[in-house]
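A single chain comes next, written as structure tokens; it is the form predicted on its own.
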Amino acid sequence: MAAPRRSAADRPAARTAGDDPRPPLRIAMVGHAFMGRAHANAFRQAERFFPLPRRLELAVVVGRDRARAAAAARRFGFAGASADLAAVLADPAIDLVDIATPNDSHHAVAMAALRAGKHVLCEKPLALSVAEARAMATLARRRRRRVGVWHNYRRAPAVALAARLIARGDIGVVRQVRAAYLQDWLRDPQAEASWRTRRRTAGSGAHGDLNAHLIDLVRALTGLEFEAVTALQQTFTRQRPDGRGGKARVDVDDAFCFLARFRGGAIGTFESSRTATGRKNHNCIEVYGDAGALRWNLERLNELELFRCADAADAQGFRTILCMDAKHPYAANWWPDGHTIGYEHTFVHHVADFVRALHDGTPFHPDFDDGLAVQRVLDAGLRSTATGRWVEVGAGAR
């Protein structure tokens, strides 16, 4: 998945747009808060570390308030700002629309962008419902536009290596998965409410926010597809300060757990929480096969733990692979062997892979069909909490 290692002499010298023969890819970014910062940094850094076939031009930041959008554009290095999304989408110079907004606007913005003939990158989860996600995936295929979902953890070097090891059979047939994504930023009942604590804008709480990542990671790592789930959710704090001296109702989950059956017989456990005291960003995946096992945790994102039954009996045990050398996915494009990379680099990898796929016509994942597949599992989990029963996930992504 990573580009080949290049020496400093191989890397192109800095060029101005005027003497750069590569065709431009002009980007409009909708939204400019936390995820907008991560996306903007990725767009700025990608071609500085990866040889890209298109020249990335940061054209415009779109926001509800033009003054705030203009401030973000200056800070992130975009050429302009706008509060008129329709006008931006009507501009034939814009090639790619990046959606970094709250969940409730993903569907409307993506559909409008696709109808305008734009390629689209969208934050996760893809939508608020299966119906919305299906419509987005269908329109992307119909309009033959390239699309992607920002499940950036797929592109941590250790995760990409884990996928390679599983695919080539290093741990045998996958039998069981354990996945947990735990944070504690809502542990304090006095933590303020936000769009993430309202069902109308978020769809769900920890489930859509964190389980979405776990679901995508498991599909990417193992190739397993979900068959059925049974779930449990809990909201520990029903009201939170609204930031204006009052209280706001919380109608999404603080913690959400589910069991899963996969097609083919494997099983899995999934756990997400935004109230897990002491856990800051504990995104941990364990995959158990009949010939070995592996474990990855975002809080130690450069490390992959691996157990192989093929090792000598008197030397068996989990060992840690430091995924920071040129032979590991993506690492060759950064620093000398052994130097760490961070959270922000996974977004850069996402951009680099997307731009190459867009230019070459090769597949890119996760696309909107993958986002739909994740949405089906999220929806089945929510329906299970309402019925207390196992719920079939349904047909494949399409």
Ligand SMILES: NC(=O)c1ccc[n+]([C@@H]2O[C@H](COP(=O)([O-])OP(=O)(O)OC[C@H]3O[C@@H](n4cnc5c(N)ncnc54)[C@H](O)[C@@H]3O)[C@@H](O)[C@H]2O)c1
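From 1 onward, residues are counted along the sequence shown. Since the structure is predicted, the reported quantities are computational estimates derived from the model, not experimental observations.
Unshown form predicted together with this ligand; subsequent notes refer to it.
S.K.: Contact with this ligand in the predicted complex for Arg64, defined as at least one heavy atom pair within 4.5 Å: yes or no?
M.R.: Heavy-atom contact with this ligand at 4.5 Å: present for Arg64.
S.K.: So in the predicted complex, does any heavy atom of Val30 sit within 4.5 Å of this ligand?
M.R.: So Val30 counts as contacting this ligand.
S.K.: So in the predicted complex, is this ligand close enough to Leu214 to count as touching (4.5 Å, heavy atoms)?
M.R.: No, Leu214 is distant from the partner.
S.K.: According to a 4.5 angstroms non-hydrogen atom cut-off, is Ser105 in contact with this ligand in the predicted complex?
M.R.: Because a heavy atom of Ser105 falls inside 4.5 Å of this ligand in the predicted complex, the answer is yes.
S.K.: Looking at Phe262, Trp296, Tyr153, Phe270 here, can you tell me which has any non-hydrogen atom within 4.5 angstroms of this ligand in the predicted complex?
M.R.: Comparing distances to this ligand in the predicted complex, the residue within 4.5 Å is Tyr153.
S.K.: Taking 4.5 Å between heavy atoms as the contact cutoff, choose which of Arg175, His328, Arg279, Arg196 touches this ligand in the predicted complex.
M.R.: Comparing distances to this ligand in the predicted complex, the residue within 4.5 Å is Arg196.
S.K.: So which stretch, 144-152, 225-233, 288-296, 320-328, is the one near this ligand in the predicted complex (non-hydrogen atoms, 4.5 Å)?
M.R.: Only one stretch qualifies here: 144-152.
S.K.: May I ask you to list the residues of 224-242 that have any heavy atom within 4.5 angstroms of this ligand in the predicted complex, in sequence order?
M.R.: Residues within 4.5 Å: none.
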